[in-house]
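Shown here is one chain on its own, the form predicted on its own, set out as structure tokens.
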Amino acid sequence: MELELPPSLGVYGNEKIAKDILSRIWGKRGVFTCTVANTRTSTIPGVSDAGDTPELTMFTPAADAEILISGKVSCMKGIPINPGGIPTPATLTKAALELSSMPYYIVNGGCEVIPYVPYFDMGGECGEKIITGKSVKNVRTEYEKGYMLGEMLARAYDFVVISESVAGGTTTALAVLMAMGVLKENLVSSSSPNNPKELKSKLVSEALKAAGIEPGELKDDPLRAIECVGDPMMPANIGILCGAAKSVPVIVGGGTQMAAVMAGAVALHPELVGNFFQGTTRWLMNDPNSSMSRIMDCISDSIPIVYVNVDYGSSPYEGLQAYEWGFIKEGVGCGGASVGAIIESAGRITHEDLEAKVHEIYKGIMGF
């Protein structure tokens, strides 16, 4: 019997593979992980809106982890917001995790600001600015530890959701995708509707030049590409994805940042294609200033995208309505967690349930 997708979910790409994976994990037990890390690339003015100022972007991953685990922020005052008071997508991730029974874990890929929560440590360090051409240390260690963690999670759960919180991560993703030759143009998104495409492209070409890499030169060596121009979330998440997907399906939660993770996994373990898909939001899929679908077409025609139809259009809060105007779109695995919650509940959790829960969490965090 073919699985009937609920209206809360949509599919882009290979629907046959999407339905095959979904039917294997429908109503089964999942686990959610979020890998947090910093790259100093986010402190370059204009690169990231994932924080009220470039300096505050260094606190965003830790603060997101704290919101998910303890419901409050310890590492900074207030909560991570974009300029203009738009709340972190962790509010939607938290809603999905509270509604579902999925356990959730934080993975420290390499943070400058350490979150005040328990976490799995991958042995990473905060990443340098990509324009140094030497951005990530301990890449091999992080990949290997991630792989072990993926294997461990796959023994205990029927599917694994991976995700990230890294300010500046679409710029590092673009650099890695270009170093690998997956992309020849800038298709990555931004947490702002005014995607600073020219700045990102300029930084990426400076980074590749500093590293002495021709675009496409590292097609088969994603770990080297990450070492030169990536960020510390990437090797950890490639490891978790590869370690888990040889045994159970994996949902790659996130936006264009996670494209670098998927491209890296495909280069290292092409045999895993067909056992993972991307879980994201309709906001990202509808973004006029980026193209997740075109990026995915460049990576593989056998990795479907399953997206959640959450809509904040009728929200009473302007901070949440802003998602409909092109702000944020994705992050902290909010799409993957939502898709995972719907799958685990066999469709009992709907996008309306998620929206209602977000309002409750948002009110609590903002003190309304």
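Since we're looking at a predicted model, the values are computed, not measured. Each residue number is its position in the shown sequence, starting from 1.
One more form of this protein exists, namely the form predicted in complex with another copy of the chain; it is left out here, but the text below deals with it.
The stretch that touches another copy of the chain in the predicted bound form, counting heavy atoms within 4.5 Å, is 65-73, out of 65-73, 305-313, 324-332, 45-53. Contact with another copy of the chain in the predicted bound form holds for all three of M102, R140 and M148, each having a heavy atom within 4.5 Å. Another copy of the chain in the predicted bound form is not approached by L199, whose heavy atoms all lie more than 4.5 angstroms from it. A residue is said to contact a partner when one of its heavy atoms sits within 4.5 Å of a partner heavy atom; P115 meets this definition for another copy of the chain in the predicted bound form. Though the partner is left out of this view, R29 does reach within 4.5 Å of another copy of the chain in the predicted bound form, counting heavy atoms only. Of the heavy atoms in D121, some are within 4.5 Å of another copy of the chain in the predicted bound form. Among the residues E128, E227, E144, E206, the one placing a heavy atom within 4.5 Å of another copy of the chain in the predicted bound form is E144. Proximity to another copy of the chain in the predicted bound form, taken as a non-hydrogen atom within 4.5 angstroms, holds for one residue of A265, L153, I295, L284, which is L153.
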